[in-house]
Each structure stands twice: as C-alpha cells, then as structure tokens.
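Taking the form predicted alone, here's one chain by itself in structure tokens.
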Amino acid sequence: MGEPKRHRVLMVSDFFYPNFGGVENHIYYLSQCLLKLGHKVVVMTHAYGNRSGVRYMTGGLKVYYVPWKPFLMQNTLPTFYGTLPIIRTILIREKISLVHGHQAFSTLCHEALMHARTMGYKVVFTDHSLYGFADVGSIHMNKVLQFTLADVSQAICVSHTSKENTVLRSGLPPEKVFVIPNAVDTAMFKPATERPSGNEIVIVVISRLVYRKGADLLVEVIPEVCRIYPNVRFIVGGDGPKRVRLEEMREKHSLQDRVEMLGAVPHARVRSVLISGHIFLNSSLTEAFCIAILEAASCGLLTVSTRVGGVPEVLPDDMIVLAEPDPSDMVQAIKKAISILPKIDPQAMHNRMKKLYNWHDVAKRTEIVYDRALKCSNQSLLERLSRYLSCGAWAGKLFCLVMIIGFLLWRLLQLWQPAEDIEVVPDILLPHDEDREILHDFKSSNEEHSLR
C-alpha cells in the first residue's frame, strides 16, 4: 500500500481563539490532531481587536486573522463577494486542497464555502448547532444553509439528532452527512486527587447565562433545591443577559451564602471550578452535543441535564441523570443524583471518558470524510446551478444569480491577478514528540497568550 494522502485543509469560521467556546475548541483540537497525522492545516477567521494578520499557534498551526471586524455576535457583516479576493489568495498561497467550514451561524464560513466551490475546491461543512423551523430567525438561517449545502461535498454533524435536524433543514442527502462527535481533552480535565470533603454537596453550573442555555430554569430550580437540601451549595460560572435574573433570585431568597456567582470563567480555570463540585447541572433548552458535559464527566462529576437535542447520546445512563426542561422535573433529577452520588467514583469515570472520547479518533474519522470529499466528481457551472434551482421557486433563481455573479468576478480576478503572480508560501514542518500529547502542551501554556 502507498503512503496515505496528505491533505491540505483550510478551516474557516468566525469563531476561533482568542474567543472561547465549543466551536473554537473543536477547530483547535481537530487541527492539532490533523497536524500530528501529517496533514497541513491552516485556519482562517476574522480579526479580534488588534489581532490581525498571520499568527502561529502550538504545533505550527497557522492562523489568518483577516482584517474584517465582527458585526454581530462575533459574526462578520455578510458581503457575498467582499471576501473573494482574500480567500482566493489564501487558497493559492497555501496550496489548499480542501476547505472545511464550521458553524451555520458563521458568515465567513458560508462565504468561504461558496467561493471555494466556485473555484473548484472540494468543501466539507460541520454543523455544531440545532435550529427550529417555525420562528423567523430559523426560517432565514435554514434557507441560507440550504443555499450553502446545495453544493457541498460532504457534511459532518456532532450527533445523530444534529444529523436529522441538518438533513431536514437543508435537504441534503443523508448519505452525504456523517456523525462525528466532539471529544474532550482528558489530559486537561482530570479529577481532583481528593473529593471535596464534608457533608456539603456542591452543584456546579458553567454556561452562558442566556435564554437558550436555560438560565430561566435555573432561577426556579436553585431556590427549590436549596429549600429541600440545607447542605447543598451552588457555584454558577458564566455571564450573559440573564445574570441579572439570577442575582435577583439570590437576593429574593437570601441565598448569598449558598449561591456563588463567578461571572465569566476563563477556559484555563474551568477545571479548577469543576473539581470543587460533586454534580454538574446543564439546563440547556437546545443542544447539538454539549462539550461542557464531557468536561464535567472527565473531572468525575455526575451530570444532571435536560433531555434535549443530542444530549442523551453523550454519556452512558449511569453517568448522567436526564430531565425534561421543566423546573419540577429537574428538581426530581437533582434529588436522584444526590441519592446515587456516594456510588460515583470520579477516577473510574475519568478513565471511562478517556476510552469513550478522544480527539485523535475524531481526527482519524474526519480524515475519512476528507478522503470521500476529494473523490467526489468535479462538476461544471451548469451542473451546479441545477442544484441551486431546486432550492425554491424564487430562492433557487436568486441563488443561481448569486453564483453566476461570483463566477464572473472570479474570472475577472484571474485576469487581474493571475495565480502565477501570487507567491506560494513554503510549508513549515515542526517535529512532533510522539510520546507526548499535543493537548498536554496546550494545557501547560497560557491559553490567553498562546496567540500573541
């Protein structure tokens, strides 16, 4: 057998470091593991503050912070064609063979996939979220997703529920969609050497305090649990518009000594917060996967979570207690968790997580998707336009017009700046220590300064 094919991948998303979140972590860890497998990986995102230009991260990961400022919720302003010249330049400079976009919310992701297909590149899309079908925002986003995925080579979802949701929203053939779950850095998220002692039970919440994450449920659940169990204390990490409601709840029920509000928690401090507790509480109203549950379980915490989206797929039944997104049902779930808490062995739970979730396994499975994407046949513009026409009576014609204009602009760019005039950058290959985990290196460095 010959040498395995070395891919040259451009990861694109509006969400990347120094911002922290599930998508940002996924892109970083996946990129590091793909680098270790011998592939070339380059990340493209928008500028963060004064952080623009080219930066290098751990393992030689190259990041292009293009000079576009975020417009709303870390998303760049949609321009359709404004990003075409810089995306084309990066693709040629880095000799990219495949473009991998992340997150349906990301404007930059949609534009990069559109331009990459115009230029004949194979593209892969990973969906990290669930969306509805009835509200105005979801209807709009679903139509945008239908446009982007009409010509995508392959797609990845993080759970089977997410796959079903994406297929229904986009009309993508199910055989083109693969399920590859997220993973957790078990080298970083380890249990404490000793569990918190005493009769006190600490319940930890780390989440953005917004409606979608169920902050309103917490306002009703916390006082009831504190009333039933005098020895229970809550630690709430996170910030957001719903923090005011939690502060008001704490004042109203005089729980200042039993509900600790930490505010925004840097990713480097998440483990230290988790290991101070016994139970992790997730109250999300919608989740495609939820990496926070993996991090908590890896630290040896028993999880109580709402039964929504892909959450039931994440952990075995003996490691999680599920409840409907209803205050009374969540209180009952917490009661059940407290009753089985003495049977929980944090170290045994951590060892199981090491076997269940591994970023190197995620990278190898993603590698297979890349191989399949590159085997997809090349299609002419007319063949591709037929796919967009099927997106709707009016929307299909509009999508075709957008793609035709993009194709003409790309041809003009080829005349104005031929590919031969764009300097190709040399590859920088850094030696890897095979006996040391890449993610352990990331842990030992200060995440907030790793890009400086």
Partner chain sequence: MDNDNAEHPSPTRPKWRKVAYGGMQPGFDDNHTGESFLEDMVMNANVVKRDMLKVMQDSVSISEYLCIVALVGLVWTYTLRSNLNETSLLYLDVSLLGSGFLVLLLTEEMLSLNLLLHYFLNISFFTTGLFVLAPIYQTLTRSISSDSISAVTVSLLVLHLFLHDYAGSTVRAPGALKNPTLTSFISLNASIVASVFMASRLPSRLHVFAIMLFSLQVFLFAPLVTYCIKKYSFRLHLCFSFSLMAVTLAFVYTLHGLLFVLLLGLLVFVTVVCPYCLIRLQEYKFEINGPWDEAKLCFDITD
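Bear in mind the structure is a predicted one, so any value in this text is a computation, not a measurement. Positions refer to the first chain, counted from 1.
We do not show the form predicted in complex with the partner chain, though everything after this point is about it.
Could you check which residue among 286, 89, 351, 276 gets a heavy atom within 4.5 Å of the partner chain in the predicted bound form? It is 286.
375, 160, 95, 269 - the one with a heavy atom within 4.5 Å of the partner chain in the predicted bound form: Answer to the contact question: 160.
In the predicted bound form, does each residue in the set 177, 211 and 326 place a non-hydrogen atom within 4.5 angstroms of the partner chain? Looking in the predicted bound form, the three residues 177, 211 and 326 all sit within 4.5 Å of the partner chain (heavy atoms).
Please determine, with the chain shown alone, which of 188 to 196, 167 to 175, 108 to 116, 73 to 81 has non-hydrogen atoms within 4.5 Å of the partner chain in the predicted bound form. Stretch 167 to 175 is the one.
Within a 4.5 Å heavy atom cut-off, is residue 238 in contact with the partner chain in the predicted bound form? So residue 238 does not count as contacting the partner chain.
is_contact(residue 121, the partner chain) in the predicted bound form, heavy atom dist at most 4.5 Å: Heavy-atom contact with the partner chain at 4.5 Å: absent for residue 121.
If we define contact as a non-hydrogen atom of the residue within 4.5 angstroms of the partner, is residue 335 a contact of the partner chain in the predicted bound form? Because no heavy atom of residue 335 falls inside 4.5 Å of the partner chain in the predicted bound form, the answer is no.
Does any part of residue 137 reach within 4.5 Å of the partner chain in the predicted bound form? Heavy atoms only, please. Flag for residue 137 set to no.
Hey, which residues along 30 to 62 are within 4.5 angstroms of the partner chain in the predicted bound form, non-hydrogen atoms only? Contacts from 30 to 62: none.
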